[in-house]
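Below, in structure tokens: the form predicted alone, a single chain.
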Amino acid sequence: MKYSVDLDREEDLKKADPEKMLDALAGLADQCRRAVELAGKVDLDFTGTFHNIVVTGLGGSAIGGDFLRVLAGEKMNVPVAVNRSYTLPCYVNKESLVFAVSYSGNTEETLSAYEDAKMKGAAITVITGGGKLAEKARQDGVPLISVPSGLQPRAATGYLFLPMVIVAAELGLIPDPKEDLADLIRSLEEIQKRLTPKTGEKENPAKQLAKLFYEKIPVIWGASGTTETAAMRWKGQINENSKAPAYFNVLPELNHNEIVGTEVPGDILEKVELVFLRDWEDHPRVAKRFEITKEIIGDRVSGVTEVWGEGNCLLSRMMTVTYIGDYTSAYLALLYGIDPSPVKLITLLKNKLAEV
């Protein structure tokens, strides 16, 4: 099998990664630290009680909302919804907290949803690296969390996610996250040592997974309430970084439909590399479903690998299992001889839309 690079030759990786995606990934723990500091400086002049939270954004700017939604199931007593559209749900009103998130600040769907939130009288907090969204927030006197620009949105997850946790805590919507945040940063620093290019393939789970995925179709299965967002993120990162197809689903739902789709066609199923994202807080019945599912279909696909997050809290484990996928997708891109940073088809689409 012919790979474009040797993953254990750092000089080859640097040449193949001119826009330094691997360097951006390496900075996640520091990014999380800085995000907490930035969010803590924002003045939140809100009154009243919030009955729901809506995060509006797209792509890498929306995934933090999904992490918050999963975290809400364990930590919050108000629901969190993620909006990926031009308008907000009809239930949004003055008792809603809306996070408008766009790393570039120029995402047209998010700019439209921001205006909808204003019209509905919702309390708004903006998280952005600049652009039109930052201008609107300043003009309207809306709380603005300005994060450093210059990264791909999908490499700015710490900046785009953790400020929402801090704001929710300051508003009393979530318990004090100080201990969880400390555990998160420690866990990210520890696991990054094994994911970095400096660590050889034998000790590096991301390099191993990248080779498993090479010339295969990655299918990522997570668990509802724990690793569901991580599974979505793995899929998106393989799409954007590796420029390759990938798919995800969530247990137990997939046991009621997708599991049946593993009988034909055999030549495609032989190319499917299945990954289970696991967590020790998975519901006991879901844990058993993982075991039985592997037993039933394990010999119908190329292979089945289990990947577990690390850390003492759900926040840490969600983010560390996601981090493994981030690195895996970048290494997979380099194996294919692809620069992981540019997303030419997305840029082309946006340019064509701008012409209309």
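Everything numeric here is computed off the predicted structure, so don't read it as measured data. Just count from 1 along the sequence shown to find any residue number.
What comes next is about the form predicted together with a small molecule, which is not displayed.
- In the predicted bound form, at least one heavy atom of Tyr103 sits within 4.5 Å of the small molecule.
- Residue contact check for Gly27: none of its heavy atoms lie within 4.5 Å of the small molecule in the predicted bound form.
- Mapping the unseen interface onto this chain, Ile346 counts among the residues with a heavy atom inside 4.5 Å of the small molecule in the predicted bound form.
- In the predicted bound form, the small molecule lies farther than 4.5 Å from every heavy atom of Thr226.
- Though the small molecule is absent from this view, in the predicted bound form it lies within 4.5 Å of a heavy atom of just one residue from Gly309, Gly325, Gly60, Gly65, which is Gly60.
- Between the options Thr107, Asn83, Ser187, Ser242, the residue in contact with the small molecule in the predicted bound form by a heavy atom within 4.5 angstroms is Thr107.
- Heavy atoms within 4.5 Å of the small molecule in the predicted bound form are found in exactly one of 202-210, 161-169, 146-154, 217-225, that being 146-154.
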